[in-house]
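Presented as structure tokens, the chain that follows is alone, the form predicted on its own.
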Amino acid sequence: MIRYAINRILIVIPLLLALSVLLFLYVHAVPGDPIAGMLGPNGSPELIAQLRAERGLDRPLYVQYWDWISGLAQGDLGISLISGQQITPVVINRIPATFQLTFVSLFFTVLIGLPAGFLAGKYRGSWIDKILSPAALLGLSMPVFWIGTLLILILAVQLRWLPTGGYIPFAQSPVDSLRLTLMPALALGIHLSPFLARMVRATTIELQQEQFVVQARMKGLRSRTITYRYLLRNAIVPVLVVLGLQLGTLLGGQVIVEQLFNWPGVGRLLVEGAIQRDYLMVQSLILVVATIYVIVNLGVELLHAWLDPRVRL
């Protein structure tokens, strides 16, 4: 297991370095000058050249890349080309909102997807399966902005149970913070749960055909024992893999949901930086998000290998 973990970690390091190079070149290949865009039509060539020199944009690309990547190694994301502020504190201020939305969304994903998929797989072909399986397909076809808009119309406008959007830190007011989190998290949970449900359904159907489950039935074990000891316990492993992938995606920020519900997460900050053509902000945020995604997937892969020794082979 230790050798397997070391091999997977050694693969991650060159992957992230290659990703940083491609990301840096791609962002700088985008047409448009952020300094000229910031100053607008009133910016003189002299002022543009002066600000480009102050921001370091007049230096060769390899020098800019080295300064950027060496700063990242020390935890410094650099200075925003537009505002001149340090990027690291700005990102740190957005992380609590992103984490809060991520974990509440995962809670709704598991709450909806796990029982729906397990029941559909355990009672395959029954009326339960004929209701839940088409519902999962319908959920996969619904875009998240449509789900969010529908929730706003029903829960906020018609019933007036929840506010339409906004964010309050959890430490400031836990109750109000959770009320503001429920709708965007529920929208993401409804959007992500069908994929989890279909995965759990397929795993449950496959497990019921395994020899150890068939032998348990032949021994006369109770249905509840078979369900909890053999089916549900073994169905958790693929669930962890799916949740790990979704966790990495959610930590990267859900741009559409954050925009729709006025949620100050990392994804919204990335959009703001892209609109302003803030090269350093965009490339630093994308690399941070990609790093989080890779690390989360690495952790899930190691956990999967620990739970299922066949993966290491």
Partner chain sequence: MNVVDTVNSMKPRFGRRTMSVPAGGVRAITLRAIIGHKRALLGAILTAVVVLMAIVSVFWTPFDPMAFDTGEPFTPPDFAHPMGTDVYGRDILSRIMAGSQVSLMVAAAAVAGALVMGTVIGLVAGYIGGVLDLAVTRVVDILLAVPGLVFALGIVALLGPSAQSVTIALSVVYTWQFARIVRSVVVSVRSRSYVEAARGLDASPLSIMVKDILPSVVPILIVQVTTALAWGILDEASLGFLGLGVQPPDPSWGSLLIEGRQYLYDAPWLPLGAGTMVVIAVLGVNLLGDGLREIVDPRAGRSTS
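Computed from a predicted model, the values in this text were never measured in an experiment. Numbering follows the first chain given and starts at 1.
What follows is about the form predicted in complex with its partner chain, which we do not show.
| task | Could you check which residue among Ile82, Ile128, Leu106, Val241 gets a heavy atom within 4.5 Å of its partner chain in the model of the complex? | result | In short, Val241.
| Ile168, Ile152, Val91, Ile112: which sits within 4.5 Å of its partner chain in the model of the complex by any heavy atom? | Spelling it out, the residue with a heavy atom inside the cut-off is Ile152.
| With the partner left out here, if you bring back its partner chain in the model of the complex, are Leu140, Pro143 and Val294 all within 4.5 Å of it by some heavy atom? | Spot residues vs its partner chain: full contact, yes.
| request: Determine whether any heavy atom of Leu119 comes within 4.5 Å of a heavy atom of its partner chain in the model of the complex, and answer yes or no. | output: So Leu119 does not count as contacting its partner chain.
| Taking the shortest heavy atom distance, is Ala202 within 4.5 Å of its partner chain in the model of the complex? | Because a heavy atom of Ala202 falls inside 4.5 Å of its partner chain in the model of the complex, the answer is yes.
| 4.5 Å heavy atom contact, Gln64 to its partner chain in the model of the complex | Because no heavy atom of Gln64 falls inside 4.5 Å of its partner chain in the model of the complex, the answer is no.
| message | Please tell me whether any heavy atom belonging to Leu57 falls inside 4.5 Å of a heavy atom of its partner chain, as the geometry stands in the model of the complex. | response | Close contact is absent here: in the model of the complex, Leu57 is far from its partner chain, nothing within 4.5 Å, heavy atoms only.
| task | Report the stretch among 169-177, 70-78, 155-163, 97-105 that approaches its partner chain in the model of the complex to within 4.5 Å, counting heavy atoms only. | result | Contact criterion met by 155-163 only.
| Within 4.5 Å of its partner chain in the model of the complex: residues from 284-298 (heavy atom criterion) | Stretch hits, in order: Ile286, Val289, Ala290, Tyr293, Val294.
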